[in-house]
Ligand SMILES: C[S@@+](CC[C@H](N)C(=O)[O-])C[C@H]1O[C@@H](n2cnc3c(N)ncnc32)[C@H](O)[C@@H]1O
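Consider the single chain below, provided in structure tokens and representing the form predicted on its own.
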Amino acid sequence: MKIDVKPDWWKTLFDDVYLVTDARSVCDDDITRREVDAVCKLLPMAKGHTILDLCGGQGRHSLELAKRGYGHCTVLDYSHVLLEHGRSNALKAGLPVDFVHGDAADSGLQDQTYDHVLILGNSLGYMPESVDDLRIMQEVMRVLKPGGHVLIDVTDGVVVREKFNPNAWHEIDDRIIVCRQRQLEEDYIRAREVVICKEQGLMRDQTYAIRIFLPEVLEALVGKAGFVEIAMQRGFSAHEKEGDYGFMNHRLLVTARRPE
């Protein structure tokens, strides 16, 4: 039976439960540091640069960048829950990170504001049509300063197809179990995620769909949006061990520049 997915599933999935189910990737400080190491290596970062963390969730990458002295980071995300987590963490740590609610395809941010835009953690390909991904990249182009850079971090579609696992589950602790059923359909992964707590019972039963990008498709998308100097690194993983991390290993890192 085909897994049915609402086109706007991304408006409701990213909440407090998400921070539990994906904690081994998105709440692990060591992983965040390794990911930010990659960002700083691949982009010509300077301490005075303005940085937009697009679809940045609770801002874990921006908070790490701020710790390293990059004091002009803005996180834009649709999830009020994640944004509030980020604001709270920034306040506790005394870090100057701005958190903005908005849509990645229509951010409302000013033209030519940022030196760098980051799209990290497999945060592209949520919307049902490929033209939506182009709209997001065009929005990135709009808010970047001339000569500014974008870095995109997504799962490698080639490896996903080779290692596709239709069923996966893991225990978060001795209380909570996450079960995922997946279907590979052309350039999409459809998934049903069921989260069960041994004490409270069912915590979540939700479906979602994520587009998987072949390297040449992602390169073409970035080029179509008008970017130049497109470079790609394959095989990146912030996880030190092999495993099924919900497509958060075997990633493509793509950098490109807005023309002057």
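Sequential numbering from 1, following the sequence displayed. Owing to the predicted nature of the structure, the values given are computational and were not obtained by experimental measurement.
Heads up, the form predicted together with the named molecule isn't pictured, but that's what we're talking about next.
A.B. asks: Please tell me whether any heavy atom belonging to residue 77 falls inside 4.5 Å of a heavy atom of the named molecule, as the geometry stands in the predicted complex.
C.D. replies: So residue 77 counts as contacting the named molecule.
A.B. asks: Is residue 55 close enough to the named molecule in the predicted complex to count, meaning some heavy atom within 4.5 Å?
C.D. replies: Yes, residue 55 is a contact residue.
A.B. asks: So in the predicted complex, does residue 104 come within 4.5 Å of the named molecule, heavy atom to heavy atom?
C.D. replies: It does: once the named molecule is placed as it appears in the predicted complex, residue 104 has a heavy atom within 4.5 Å of it.
A.B. asks: In the predicted complex, is there a heavy atom of the named molecule that lies within 4.5 Å of any heavy atom of residue 127, even though the partner is absent here?
C.D. replies: The answer is yes: residue 127 has a heavy atom within 4.5 Å of the named molecule.
A.B. asks: If contact means a heavy atom within 4.5 Å, which one of 60 to 68, 196 to 204, 218 to 226, 39 to 47 is the stretch that engages the named molecule in the predicted complex?
C.D. replies: Every other range fails; the passing one is 60 to 68.
A.B. asks: Of the residues 140, 82, 97, 152, which one places a heavy atom within 4.5 Å of the named molecule in the predicted complex?
C.D. replies: By the 4.5 Å heavy-atom cutoff, the listed residue in contact is 82.
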